[in-house]
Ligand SMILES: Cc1cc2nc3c(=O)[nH]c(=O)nc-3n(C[C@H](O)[C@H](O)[C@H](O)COP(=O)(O)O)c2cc1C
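Shown here is one chain on its own, the form predicted on its own, set out as structure tokens.
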């Protein structure tokens, strides 16, 4: 993945018609264990926007995947209003995605869980309100006990994956020697992408 330094700028030929060609130059490969953090923005049932950090599990020609606990507030939000935004930030670069949210299929959810770190696999099982409420020493003891008792794990029943299918992607680039700019892709009804360059 590019570090998004000041010398980088989107080549007009890369991703000229398809933003996913451009994404491949900005995002790590799906098998890279270092997963980028994204800010997931949703609209809550109160009507107020909400935001939190999630890992980008993977991406493909359909969109961007994240995984979480099915009992979480973010799942409640995207179930009530299946639209969301994603924001990824690097030095000198930012990617903002708007899209429609749907549940990922079981094979994808299993793949993502098996590619999570051991810590995150354990977290998926133990990250409950009841666990959070106990004192630190007890949480540490329970964690170590569960870890030792389960050398391998499948996803818990509450493990859930979601796909954000983009309708708009905005690639922002900043430079110290000139004005920043945005390259924006908007999906048309036909499925084709309209590309435009905008002020930063």
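Residue numbers count along the first chain shown, from 1. As the structure is a prediction and not an experimental result, all values here were calculated from the model.
Just so you know, the form predicted together with the ligand exists too; it's not on screen, but the next bit is about it.
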* **Answer range among 145 to 153, 131 to 139, 49 to 57, 23 to 31 for contact with the ligand, defined in the model of the complex as heavy atoms within 4.5 Å** => 49 to 57
* Contact residue in the model of the complex, from 73, 83, 103, 114 (heavy atom within 4.5 Å of the ligand) -> 73
* Asked: Any chance residue 68 has a heavy atom within 4.5 Å of the ligand in the model of the complex?
  -> yes
* Answer yes if any heavy atom of residue 167 is within 4.5 Å of a heavy atom of the ligand in the model of the complex; otherwise answer no. => no
